[in-house]
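Given next, in structure tokens, is a single chain: the form predicted alone.
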Amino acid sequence: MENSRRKFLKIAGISVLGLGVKPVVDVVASEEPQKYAPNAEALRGKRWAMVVDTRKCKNDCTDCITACHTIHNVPDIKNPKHEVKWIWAEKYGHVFPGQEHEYLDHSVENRPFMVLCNHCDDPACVRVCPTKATFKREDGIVLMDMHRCIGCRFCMAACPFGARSFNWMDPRPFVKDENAKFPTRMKGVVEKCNFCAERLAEGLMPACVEACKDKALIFGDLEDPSSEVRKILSSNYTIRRKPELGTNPMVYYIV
């Protein structure tokens, strides 16, 4: 990752001499971003999506958060200005601004709404990233290649859901029990939920889905009519975050 930064700064220095900015971006983004290679047992889908059944979420339950953050070495930084989050709970009014009203059912208003990267069909973060550090796979998952991230935070500004975190400090000292199977990050890079792409490549469901005892999180292929996620969407009314923006989020909520 440090080599990628030195490479970028070296080329950026050349651009200052008169070659312009576009050559810098072209060179840095010339290599293919890192992807997770599936094995024979990998779970395969054409369009992955998640349904959150908020009726089943309990206020005192953090199993999905703990599982996700433990497996992915998400640092536990208490300072809210520096905290890093992949999945977390918010209140209805924060998740669906403009859809709250004074007559909203109190049980809905006060229940936890789990939020994460929406892995949009038309992700604004991908369009603005100058180095292709954030990219969308054919199966719809929006990934981050930490080695290509230069910390410009354009993706954070473009994301309308606040689903990305920036490492303002070295996150490694704040990782309690490091998972050697997943890479740690460094200061100055952005990170977010990856729909557990590394687990799908091994034939496993996302960690948050697997950890939820109440089956409030459902994951599957939208293009498969027989998938559980399709069946649930066909039999329940669901809403998505900020649909008016046209990013087409792939996280659905049963309220």
Partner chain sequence: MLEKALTGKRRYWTWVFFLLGIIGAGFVTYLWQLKQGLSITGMSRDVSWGFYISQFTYLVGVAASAVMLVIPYYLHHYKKFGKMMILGEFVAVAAVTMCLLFIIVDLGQPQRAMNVILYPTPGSILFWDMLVLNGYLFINIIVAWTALGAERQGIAPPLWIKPFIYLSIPWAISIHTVTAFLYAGLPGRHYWLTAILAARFLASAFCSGPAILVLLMLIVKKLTKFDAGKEALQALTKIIAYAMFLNVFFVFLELFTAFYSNIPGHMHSFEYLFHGDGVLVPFMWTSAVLGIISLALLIPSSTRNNVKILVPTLVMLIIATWIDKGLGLVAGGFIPNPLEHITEYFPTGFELMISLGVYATGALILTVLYKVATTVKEEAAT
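Residue numbers count along the first chain shown, from 1. If you're wondering where the values come from, they're calculated on a predicted model, not measured in any experiment.
We do not show the form predicted in complex with the partner chain, though everything after this point is about it.
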Checklist entry - Would residue 242 count as a contact of the partner chain in the model of the complex, using a 4.5 angstroms cut-off between non-hydrogen atoms? => result yes
Item to check | residue 180, heavy atom within 4.5 angstroms of the partner chain in the model of the complex | outcome: no
Checklist entry - Would residue 127 count as touching the partner chain in the model of the complex under a 4.5 Å heavy atom rule? => result yes
Next on the checklist: Taking the partner chain as it sits in the model of the complex, is residue 57 near enough to touch it, meaning that at least one heavy atom pair lies within 4.5 angstroms?
Outcome noted: no
Item to check | Sequence-ordered list of residues in 152-169 near the partner chain in the model of the complex, where near means a heavy atom within 4.5 Å | outcome: 152, 153, 154, 156, 157, 158, 159, 160, 161, 162, 163, 164, 165, 166, 168, 169
